[in-house]
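Consider the single chain below, provided in structure tokens and representing the form predicted on its own.
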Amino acid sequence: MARVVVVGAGFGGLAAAARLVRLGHEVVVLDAADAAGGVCRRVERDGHTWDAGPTYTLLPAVLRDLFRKSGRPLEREMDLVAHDVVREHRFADGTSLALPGGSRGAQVRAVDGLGAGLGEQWAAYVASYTETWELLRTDVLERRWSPEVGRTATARLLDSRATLQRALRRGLRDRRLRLVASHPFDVDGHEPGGVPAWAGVVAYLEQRFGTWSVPTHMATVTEVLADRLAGRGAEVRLGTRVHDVVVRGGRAVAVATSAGEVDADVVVCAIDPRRLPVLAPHVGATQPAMPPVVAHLGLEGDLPDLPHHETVIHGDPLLVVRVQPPGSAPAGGAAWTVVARGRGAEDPVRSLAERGVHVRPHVVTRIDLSPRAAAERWGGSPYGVRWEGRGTTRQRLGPRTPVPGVLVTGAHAAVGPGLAFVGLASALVAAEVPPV
């Protein structure tokens, strides 16, 4: 049995810890915050509740596998339901697209509403990622990538200089469709010119598997994981600031914290590695993707009609409105989260009004987070490493690091966005620690 110390109680840290304790290891989770969950937690004020971070996930099988491998099936803990519409896109020319998930045919019909023939153009672009997904899934996501055992085609894919921007220009002649395909990266703070073309596989995943949510809040996932850890004897120490990993004799032996050293056979870093001096030199060439401006709004009265859980309003700034689940506000009210990037993003409510969505008279409570405030609250950016070309793939850490005894998971180790890719990264970390 190994004593594993996990630094960070966000989804990545909790997911790795849940797998490791199930494998028979002694697990201690450390976090400076006063509650577990990281950015995947609830924010509450005046009877309103918002998800602080993700409101949906891709690849529901990742969560199902995590819960099955860590004790109880997901279905015995919570519901996970598919969205009929991935998100609605509203464009500057007045057109809009409610993009379905989980169906090629439904997407073709919806996109044809923007113009005859555009549906097949979109379908051809998405289909171009079929082989990409199979290579990434088997050689990168479900096992630790190694050129010695991975396929030559996967090595060529990872080493390619092709960017998402180039792939979009070649595959999608309509500018609106390029905005749809680049949206997951735009909203997370990446420039398409720095994103590798293969990362565009997200469009394939949305079409094939759809997007999924917990009917209450996605924060339920981390709440259940934290309870599961406590029930299995793992220790979660909150309010504990981690200073660094202690290395003696060439390998990690402890974690230095505000409360003293915590002995460890293995250390799992589930925060930005830059925050640990022993790892910082190994990621110095990368930069974090900075958080957007966020406004959590509590509303009441006769509100503008936003029929889908997520609406993207394209332009500068880029605006994303996420309607929180039923029950997130007092009777007659609603809870929205507005994410903004670009010029004029400082006041998302004003930016919404400039696009014809007037909610200011309906705001009864509000929480605003600037990018700097968000990074301070979450102890760094929860959006992982900023894509800056193909070199980013080699420069990020995970699951192994150059420091013996130290592994990495979380958003900064994942090769894609959101809970699904972080969950896959955590499974790779657990596979690096031999079971008892």
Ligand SMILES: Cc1cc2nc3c(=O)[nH]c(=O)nc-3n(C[C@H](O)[C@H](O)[C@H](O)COP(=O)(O)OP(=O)(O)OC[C@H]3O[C@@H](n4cnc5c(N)ncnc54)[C@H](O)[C@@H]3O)c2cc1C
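Since the model is a prediction, treat every value here as computed from it, not as a measurement. Just count from 1 along the sequence shown to find any residue number.
There is also a form predicted in complex with this ligand; it is not shown, and the following applies to it.
- When you look in the model of the complex, the only residue of Val321, Val242, Val268, Ala197 with a non-hydrogen atom within 4.5 Å of this ligand is Val242.
- For the options Leu407, Val27, Ala52, Leu66, the one in contact with this ligand in the model of the complex, meaning a heavy atom within 4.5 Å, is Ala52.
- For the chain shown alone, Leu424 is not a contact residue for this ligand in the model of the complex, no non-hydrogen atom being within 4.5 angstroms.
- Using a 4.5 angstroms limit between non-hydrogen atoms, Pro399 is distant from this ligand in the model of the complex.
- In the model of the complex, no heavy atom of Val43 sits within 4.5 Å of this ligand.
- In the model of the complex, this ligand sits beyond 4.5 Å of every heavy atom of Val403.
- Residues of 397 to 417 placing a heavy atom within 4.5 Å of this ligand in the model of the complex, in sequence order: Gly410, Ala411, Pro417.
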